[in-house]
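Single chain ahead, written as C-alpha cells, the form predicted on its own.
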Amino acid sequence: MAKGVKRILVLGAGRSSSTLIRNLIRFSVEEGYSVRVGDLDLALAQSKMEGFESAIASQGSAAFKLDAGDAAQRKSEISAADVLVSMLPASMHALVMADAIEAGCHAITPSYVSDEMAALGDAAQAKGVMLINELGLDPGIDHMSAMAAIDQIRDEGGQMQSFESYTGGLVARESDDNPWHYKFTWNPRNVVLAGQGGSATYLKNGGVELLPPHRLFKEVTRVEVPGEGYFEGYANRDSLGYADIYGLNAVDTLVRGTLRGVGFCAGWDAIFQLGMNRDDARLRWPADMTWRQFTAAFVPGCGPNSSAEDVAAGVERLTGADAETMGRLHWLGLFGEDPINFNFGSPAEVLQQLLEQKWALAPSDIDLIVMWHRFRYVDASGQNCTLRSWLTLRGEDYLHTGMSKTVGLPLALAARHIARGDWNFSGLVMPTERRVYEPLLAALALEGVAFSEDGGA
C-alpha cells in the first residue's frame, strides 16, 4: 500500500456486503484509499472484489481470511485501519467498536444501537473517534428519509400529527412465482423468528396500542405503493421509541412496520399459531420423520400415523386458516411425505431449513425493496396536509441485490466521507442528524436510490 493511503477495513463479506465492497473499490483510486475485506470464507471475500483488479493492485487492496473471534487478529487489523465497516453479526458490534476506540479508528455498522454500544459513546468522544450506527436500509435509509421530510415540514412552520412507516425486502413482480410472494434476500433466521421478540407497541389516534405476538399477523395494514400495487404491513416491536428519536412526542399516531406481499401474514399467522417457528425448545427428531409427521406434532389429536387430510383439517381447525392460506401451507410441503432430514434442533431451525429451499432467490431472480412513509401535519396556515413518500428499488442481479444496494451504499458513502476528511465528528453519531442525512441522501439519489412523493391519502 502506498505511503499515506488511508485504509478502509470491511469485516464480513456476507449477503448484504456486495454493493458496499464494489462501491468502495470503485472509487478507491480516485479518492485515495485502500480496501481490505476480511471473512472466515476467504473465497467469498475474494469473490466480492472481482472485476476491479487494476484498482486493487494500484491501492494495495486485498481480501483476507478473518476469524472474528480471534481478538489478536481482529485488533491487529483494526489498528491498521482508518475506517472500519463492520458487517459481522450484530452481537459482535460492541466488541468491535471497543477495539476501534482503542485503536483510534472510526467505525460504522448497519445495526441498531444496543445498550452496550451506547455506553461506548463517551469513550469515543474522548478519543476523537466517530461511531455511526443504524446506517443501512432499515435502520438507516428509513431514518434519513423520514427526518428529511419531518425537518422540512418543521422548517416551513408545520406541526406533525402522524407518522407511519413500512419497509420490506421482497421479490420483484417479474420473479414472483410462489403463493407467498416472498423470497429471502437477507438473514433467513431473522425472518423465521419474526414476531417472537415481544408485543408490538405503537400510537394510534392518540392512544397507546399493544399488540401481543399471537395477534401480530392478524392485524395488518393495507399499504398502496404507486407503481407496485398493494402490500400488507405488520407492526414492528417498538414504535414508541421513535417519538424521541424523531422528535415526535406530540403526534397522535406513530407506527413503524414491515411490508409483505398480500396473503403472507395470514400464512405466517397459521405457522405462528401452530408454534412451528418456536426457538425455545431443542428436540431430537426421529430419523425418518416426514413433513406431515412434523406438522402433526403441533396439532392436538393428530399423531405420526394421521393422514395428510386429517393433519390439514386439524391445522385448519386450530388456526382458522382459509382456503388460500391452506394452499400456501400445502405449497410449502408441510403435509407431504418428504423427510425433514433434521436430527436435533428447535422447530424454528427445522422450518428454516425448509423455507431456505422453498423461498430461495434463484440466480435469475430480481429482488425488490419497498419503503413507504406517510406524514400527516398541520401547515403554517392551519391546513391539514398529507405527504406520502416512497422508495422502490429493484436489484441488478442475484449478487448485487436491491437489499445489498440499500444496505451497503449508505455504509460505503459514509466510509468515503470519513476517508476523504469530509466529516470530523466524534462520539456516537446517528443518521437522523442533518449533517449526516443531507449529504448521504443526495449521494444515494445519484446512485438511483431516490424517493417519490405525493399528497396521497
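Just count from 1 along the sequence shown to find any residue number. Computed from a predicted model, the values in this text were never measured in an experiment.
Note that the form predicted in complex with another copy of the chain isn't included here; everything after this is about it.
Visitor: Which residue among Ala94, Leu248, Leu318, Val223 has a heavy atom within 4.5 angstroms of another copy of the chain in the predicted complex?
Guide: Contact residue from the list: Leu318.
Visitor: Please tell me which of Thr290, Ser175, Ser199, Gln353 lies within 4.5 Å of another copy of the chain in the predicted complex, judged by heavy atoms.
Guide: Flagged contact: Ser199.
Visitor: 325 to 333, 94 to 102, 200 to 208, 378 to 386: which one contacts another copy of the chain in the predicted complex at 4.5 Å, heavy atom to heavy atom?
Guide: Stretch 200 to 208 is the one.
Visitor: Is there a heavy atom of Pro347 no more than 4.5 Å from a heavy atom of another copy of the chain in the predicted complex?
Guide: Result yes; Pro347 sits at the interface with another copy of the chain in the predicted complex.
Visitor: Quick one: does Pro300 come within 4.5 Å of another copy of the chain in the predicted complex, counting heavy atoms only?
Guide: Flag for Pro300 set to yes.
Visitor: Using a 4.5 Å heavy atom cut-off, state whether Gln273 contacts another copy of the chain in the predicted complex.
Guide: Output for Gln273 is yes: heavy atoms within 4.5 Å of another copy of the chain.
Visitor: How about Val262 - does it come within 4.5 Å of another copy of the chain in the predicted complex, if we only consider non-hydrogen atoms?
Guide: Answer no; every heavy atom of Val262 is more than 4.5 Å from another copy of the chain in the predicted complex.
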